[in-house]
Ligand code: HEM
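Next up: a single chain in structure tokens, the form predicted alone.
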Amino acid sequence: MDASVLLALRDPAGVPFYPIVFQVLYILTWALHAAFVLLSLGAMGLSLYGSAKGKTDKYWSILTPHLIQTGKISVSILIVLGVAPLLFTQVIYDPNWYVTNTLSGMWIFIFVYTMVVGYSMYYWYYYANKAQRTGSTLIGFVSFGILVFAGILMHNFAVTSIMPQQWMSMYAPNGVVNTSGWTFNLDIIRLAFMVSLSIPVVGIFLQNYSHFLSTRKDFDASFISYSAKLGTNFAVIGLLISAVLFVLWMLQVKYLFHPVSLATIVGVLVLLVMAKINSNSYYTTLILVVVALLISTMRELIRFDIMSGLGYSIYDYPINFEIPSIVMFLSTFLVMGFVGVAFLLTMAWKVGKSEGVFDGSKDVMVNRLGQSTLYIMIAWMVIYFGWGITILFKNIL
């Protein structure tokens, strides 16, 4: 595979804005998506242990439903957030995107239905556990296995997309064209590292969980202490495992001494110390966010270097400025997105901090954020549809 082929696969319309902006947005949104992937994986995996343990352990009888709820919400968020990095990589790495979809077309279709079935079964697991049915753990294991398989498929797509030198041999092995769409590639060390991150992520989540509940009088201090200690153990052990696997991955791709790789290792070590001490888990979470961004940057750096080595640079992509679209996107992402998320987070925080039923209509901040979100949403719909209809009639009349 050489530059001429890759450039021929590039969208002739170009990109609507500077490519580096899409690259930065890809790094940011992938890190957010990955955070909820790992949290859902860790929360659900731990809940499977708790669903069996909860029948005889008072602590797990409290913790397990909360873990299941966390996993359920996280899956819904990861699905929504997963759209953004796919769109951004499609804009600047469209040869990688479309070739991967061609080579692994059957797996793409299977992935969609896998997510539908796996998430539907997760709800079954949620309600079965809530009703304390005996088969809830088995249902949970099946759902967990299906969702993990979906994650492995996404790993396959990511690995295939950074193997341009082997695309032709995948498409036409031994000179015979293969259009089956069953191409499947795994990088075991990379996959193991990514999956291992779910252990420290759920550990730090448990530290936050115990910290959050520490002001509630309807939770025993012993339970809060137990969940905090459990979180610390998971965070420390998980970070040690992830650190070893990260070093092995960097050795494999020969990036161990790259500044981003070294910064990631330092970040993990700082995270390890903070998780062990657990003086303030919220600060630990901020460092976790930084480490997630560094890992996302590392992934993008590897792909960028592979493509640059073949003569394909995203910075050479033709630019055809489409300012109205960019303004619409940024206003949606920054204004509506941030206000809407702030409303939901504020509501969730105050509900969790309140004993009994929380009445949001009596809270000034919740009311203001809720009304602002509603007004912004109405304005967005008017602008979006008004703009679209105007352009439609302008082009056809």
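Keep in mind that what you see is a predicted model, and the values were worked out from it rather than measured. From 1 onward, residues are counted along the sequence shown.
Omitted here: the form predicted together with the ligand. The next part is about that form.
Contact stretch among 157-165, 315-323, 235-243, 211-219 - heavy atom within 4.5 Å of the ligand in the predicted complex: Checking each option against the 4.5 Å cut-off leaves 157-165.
is_contact(residue 83, the ligand) in the predicted complex, heavy atom dist at most 4.5 Å: Output for residue 83 is yes: heavy atoms within 4.5 Å of the ligand.
Residue 304: touches the ligand in the predicted complex, heavy atom cutoff 4.5 angstroms: Outside the cut-off, so no.
The ligand contact at residue 201 in the predicted complex, heavy atom, 4.5 Å: Residue 201: no, not in contact with the ligand in the predicted complex.
Interface membership of residue 95, the ligand in the predicted complex, 4.5 Å heavy atom rule: Contact with the ligand, no.
Residue (of 298, 78, 230, 91) lying close to the ligand in the predicted complex, criterion heavy atoms within 4.5 Å: Answer to the contact question: 78.
Contact residue in the predicted complex, chosen from 250, 115, 291, 128 - any heavy atom within 4.5 Å of the ligand: Exactly one residue meets the criterion: 115.
Non-hydrogen atom within 4.5 angstroms of the ligand in the predicted complex for each of 206, 272 and 276: Verified in the predicted complex; spot residues all out of contact, no.
Neighbours of the ligand in the predicted complex among 16-42 [non-hydrogen atom within 4.5 angstroms]: 26, 30, 33, 37, 41, in sequence order.
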